[in-house]
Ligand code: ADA
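Taking the form predicted on its own, here's one chain by itself in structure tokens.
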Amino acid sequence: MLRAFVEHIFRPVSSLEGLWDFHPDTGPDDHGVPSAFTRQIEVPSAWETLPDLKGFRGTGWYRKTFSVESKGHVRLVFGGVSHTATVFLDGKQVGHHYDAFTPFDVILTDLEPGPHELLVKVDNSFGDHSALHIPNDYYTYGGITRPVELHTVGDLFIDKLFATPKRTDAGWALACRVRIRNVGHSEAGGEVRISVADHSACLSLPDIAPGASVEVDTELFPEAVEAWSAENPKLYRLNARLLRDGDVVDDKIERIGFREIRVEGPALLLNGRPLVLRGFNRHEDHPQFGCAIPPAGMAADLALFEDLHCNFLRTSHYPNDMRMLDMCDERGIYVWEESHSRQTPFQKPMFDAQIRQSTIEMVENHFNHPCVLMWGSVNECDTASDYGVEVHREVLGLLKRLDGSRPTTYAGHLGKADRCHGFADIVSWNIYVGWYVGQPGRTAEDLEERLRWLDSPASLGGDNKPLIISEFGAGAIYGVRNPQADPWSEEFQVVVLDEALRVYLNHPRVTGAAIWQFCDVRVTREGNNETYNSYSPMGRPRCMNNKGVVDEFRRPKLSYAAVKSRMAAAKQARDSLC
């Protein structure tokens, strides 16, 4: 399943998870569609989980046969393919998609009854064709890494359902927008019925031309609904049903929470109350599963979050699996989600098109998650040059145009050289005092110096905005311990994190703090050997980013207890004010 709940009751949906035929292009004669498939692979998974493909970068071919009982239309929905997918049906190309971290669909019209062969060519290579997936401080895995579903649809079907809660003096309103697609051969219309809690509405559709889509909208005013928050993560089912001639022909179910997030001066307000965010950055990475972490693994990670008294997750540096966000909805974990980009060269040939696509697909697919409090993008990118300023203006402006109900941000690392704070609603800084910058013991002084600049005209619009310390931390290799707390020891990480949390969680100007990072993760080796495979303090021993509070197997380091204590104290202080 793509989600942690059932999305359709009337629409027939079947899973394509399980064993697929598989062939990696590893030999000199591997060109084009393989003549034979000699092995199988589980979907979803990363192909690096196979013993002989631990470091394979290139092209892999997937094959699956499915059958349809009667002539009609099929919608194939891919949760994620890393990083480029080309889809073929019965030998004909029918779809193409770039970016591992956003879902996409392929519409197959007028399929004849009987079996059909589905081929997916998957490419995780680097080059000019890929602006966002580059050699980086995290690993670009290969494969069909998230679930795949087969939907049977009619000529008209519900494509997307968007819901925006609004807090009013009289209670809650819900602005609803429904997108309907026509994949048939003639104009068609009907009506849509939308309901949530105790309220419903019926919307008439105009005639929709073949190959086109329309959006209709309305407002619902449910009574006696409870507000969603970390303390009370109450969820409601929003139902949309498509009717033609009085009969239900399609449906879509979303889970929503009634909550309002807004910025008021330097405060971030949830349902009118100031928030203090405390938590982690987290990569989708595991030594057994790569980026294709199963739901039980996601739940185990969130259990550690809760044990650490955290309420905040930043999805560094890409959109997360929708099931992970569903779990955050259920548990009341606040999320900063960002479209895929980290230290990306803006001059890459495909950058503009690919960052735009990633941003649109992130917002459209994750719009209804109450846990997502803010949208971000372009982590640690160029914020100093004229071109960098224009890119940030465009990407952050796009986020705002796609969803005006949430604040926007980006994680900057250039300090006083940053010229882009005016484009974001929230200022976010990546600061590594005691690791990349200065020595432990100067976190408070460093912050005060930065704040004097931020609240001056020199920051170009950063003053009087909420501030999140979006990254801070230090590397520690699990099991490396010494009493003098040398760099890379677990003791050294305790010193850095304990001081940082003491300062950041107790400063009235700081709205949130996210440790870098939750768990140790694999980094790219090829193309970056000198940086990521060196043993200098700036390097990456083990070809891992070792700044996790737990290691890659989720074994707690010494810092776990220190972090838990600081987070618990901050939570207690916050609760005492409520």
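Everything quoted here is computed from the prediction, not taken from an experiment. Residue indices: 1-based, along the sequence shown.
This protein has a second form, the form predicted in complex with the named molecule, left out of what is shown; the following refers to that one.
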Partner-facing stretch of 126-134, 156-164, 424-432, 93-101, counted where any non-hydrogen atom is within 4.5 angstroms of the named molecule in the predicted complex | 424-432
Answer yes if any heavy atom of Tyr436 is within 4.5 Å of a heavy atom of the named molecule in the predicted complex; otherwise answer no.
-> yes
4.5 Å heavy atom contact, Thr524 to the named molecule in the predicted complex | no
Answer with yes or no whether Tyr62 is in contact with the named molecule in the predicted complex, where contact means some heavy atom within 4.5 Å.
-> no
Give a yes/no on whether Asn379 approaches the named molecule to within 4.5 Å in the predicted complex, heavy atoms considered.
-> yes
Looking in the predicted complex, is the named molecule within 4.5 angstroms of a heavy atom from every one of Phe258, Asn368 and Arg406?
-> no
Taking the named molecule in the predicted complex as the reference, which of Asp321, Asp250, Glu471, Glu254 has a non-hydrogen atom within 4.5 Å?
-> Glu471
With the named molecule left out of view, choose which of His83, His317, Lys465, His286 has a non-hydrogen atom within 4.5 angstroms of it in the predicted complex.
-> His317
